[in-house]
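Only one chain comes next, encoded as structure tokens, the form predicted on its own.
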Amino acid sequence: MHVSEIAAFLSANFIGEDREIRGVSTLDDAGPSDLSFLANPHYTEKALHTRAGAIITKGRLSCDNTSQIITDNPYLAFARVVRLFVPEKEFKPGVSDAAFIHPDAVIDESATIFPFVYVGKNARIGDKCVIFPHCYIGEDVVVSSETVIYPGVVVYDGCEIGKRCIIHSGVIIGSDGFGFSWDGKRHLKVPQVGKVVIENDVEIGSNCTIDRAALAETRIGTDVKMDNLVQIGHNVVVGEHTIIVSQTGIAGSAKIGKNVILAGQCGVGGHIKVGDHSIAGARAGIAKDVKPGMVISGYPAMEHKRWLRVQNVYKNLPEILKRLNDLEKRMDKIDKH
């Protein structure tokens, strides 16, 4: 495609030579026939010296050797353009002879089921779904249209997965919630008889675990995006459009609002409510409810600006302690006199 065609696709303007573009790449690795992008001003210097034939940028750059496509959101624009140069892989519909499909399961004729997939009794696989090898789809599971389930995923009985979801390798959906009661001699297991419901357009990273509810349902809202190695406890509700970054753990019955961001290694306590549009910094330990729109950090989590002040004190603690000891010694001398 030519730069002008890409700009037209994005409904954007371009400046510079109308070059032919054959691929996409980073600012560092791009060549004269590649398209790249600048979304973070921190990399402006790289953009000024890139060999890319064209870059997508928010503002005009002072470089003449590279064509520029001007748009308000370069990262979003680049994501759309990548699909033009690297189209999604297409799969041939059908069920492999090496898959086990229960006679009472319903598989849409447009779905693709690879070898060594297990589909249990009364499970339903929707149109254009793709299920890769070594996946287990339990009894009464519903997998809706255009969902892709990568190798080695386990979906326990009765769970529901919405449309256009992407479930990466190693994910376990619907394992028992962590519920035990002490009877005086041992821990008695509390039966976990609920389910997991995953709404539409959810993406779940590799090796995440989502526990089934004790009685009702664990629910992941529409357009939630989960990084690798996230743990969701039983009866948790995650609101739509929320981002959960790697190694975050959410304890049972917590309620996470809409458009929330939980950065890496956050911990959310049981029965905690995290309000809509709030942001938790990396390693935040959330032990009490968070009001909508708050930005929090630290352990225990507190308002981000306050945490920054706390951090500033931390690094000075040795000097503060020394000054305090000196003051105590001086006060002792004064008292003796």
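Each form is matched to the other, and the largest set of C-alpha atoms that superpose within 1.5 Å is called the rigid core. So that there is no doubt, residue numbering starts at 1 and follows the sequence shown. None of these values were measured; they are calculated from a predicted model.
The following text describes the form predicted together with another copy of the chain, which does not appear among the structures shown.
For the options Val130, Val197, Val142, Val154, the residue carrying a heavy atom within 4.5 angstroms of another copy of the chain in the predicted complex is Val154.
Proximity to another copy of the chain in the predicted complex, taken as a non-hydrogen atom within 4.5 angstroms, holds for one residue of Ala52, Ile69, Val274, Ala284, which is Ala284. Of the heavy atoms in Gln265, some are within 4.5 Å of another copy of the chain in the predicted complex. With a 4.5 Å cutoff on heavy atoms, Arg219 does not count as touching another copy of the chain in the predicted complex; it lies far away. For Val295, no non-hydrogen atom is located within 4.5 Å of another copy of the chain in the predicted complex, even though that partner is not displayed. At the 4.5 Å threshold, heavy atoms of Asn122 stay clear of another copy of the chain in the predicted complex, well away from it. Taken together, the three residues Thr44, Thr57 and Glu109 all stay farther than 4.5 Å from another copy of the chain in the predicted complex, as judged by their closest heavy atom.
Along 163 to 185, a non-hydrogen atom within 4.5 Å of another copy of the chain in the predicted complex is carried by Ile166, His168, Ser169, Gly170, Ile172, Ser175, Asp176, Phe178, Gly179, Phe180, Ser181, Trp182, Asp183, Lys185, in order along the sequence. After superposition on the rigid core, displacement of the C-alpha of Glu328 between this form and the one not shown amounts to 2 Å or more.
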